[in-house]
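Quick heads-up: it's one chain on its own, the form predicted on its own, in structure tokens.
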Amino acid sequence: MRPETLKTRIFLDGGNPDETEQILGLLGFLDGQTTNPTLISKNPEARKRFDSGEKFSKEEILDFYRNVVTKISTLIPKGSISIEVYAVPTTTAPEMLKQGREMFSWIPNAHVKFPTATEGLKAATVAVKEGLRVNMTLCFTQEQAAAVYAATRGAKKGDIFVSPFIGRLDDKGENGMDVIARIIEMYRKGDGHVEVLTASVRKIDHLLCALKAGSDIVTAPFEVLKAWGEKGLPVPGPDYVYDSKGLKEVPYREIDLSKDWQQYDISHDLTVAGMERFSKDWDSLIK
């Protein structure tokens, strides 16, 4: 069951409802789940169909995605389920919004994932005004997180997540956990309407460091949550020290949160690469 000292919400990062059931059984709780096109492409039913040589039509793959998140929603009815729009670097804000509106209608506890890129932020500004809950994904910098804050200003707490991807920063030799800490520190100067969702978690130490840093939410894959559960759901105390293993430090930047979101530099090669990777995995399933 949930440790008394655990303040951070715990999400499963995955596209397989069977894993959701297993983690619920092991931990005794789950606060939500994040999905994306890559995770859906790895769903056992999708892989079975793909491996048999039979692909989905565009309508069928959306039906499949809806069925998956509907099952997950019934397992975590009081949690948040993130559903990601299909977006390549050339996808426009109206195209993302059209998808987002449909996906938001699938289940009562949806957050729609838009990429932290120009068109994604344009979509988010409209989505928030329409009452959609939003998860801005593929965030890699403090400045991108500042833009998310500015673009969603006025939203109520709980409606907006920003998802910094720490594992992919680690892959580049940068300390991804520093970015989490810097964004949390920056947001302390704001109104609290954006919650930090630590994503791209690769190991238990990522999870533990995020808990120590005070991340609002952590989403982690099945194997990491399973390992954490088998260790007895440890929560790091004041003496916990994260070993970055020599990764390059990411320094804190003083950023004014009161500016218009378009005034921030939100460009990042990993955001573009992430969009391309997700869309490629999605496209591989389609006829």
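All values reported here derive from a predicted model rather than from experimental measurement. Start at 1 with the first residue shown and count on from there.
Just so it is clear, the following notes concern the form predicted in complex with a small molecule, a form of the same protein that is not shown.
Although the small molecule is omitted here, in the model of the complex all of D13, L39 and R202 have a heavy atom within 4.5 Å of it.
R277 belongs to the set of residues with a heavy atom inside 4.5 Å of the small molecule in the model of the complex. Contact annotation: K122 falls outside 4.5 Å of the small molecule in the model of the complex, judged by heavy atom distances. Within 4.5 Å of any heavy atom of the small molecule in the model of the complex lies no heavy atom of Y187. In the model of the complex, the small molecule lies within 4.5 Å of some heavy atom of R168. Only one listed stretch (176-184, 143-151, 193-201, 208-216) carries heavy atoms within 4.5 Å of the small molecule in the model of the complex, and that stretch is 193-201.
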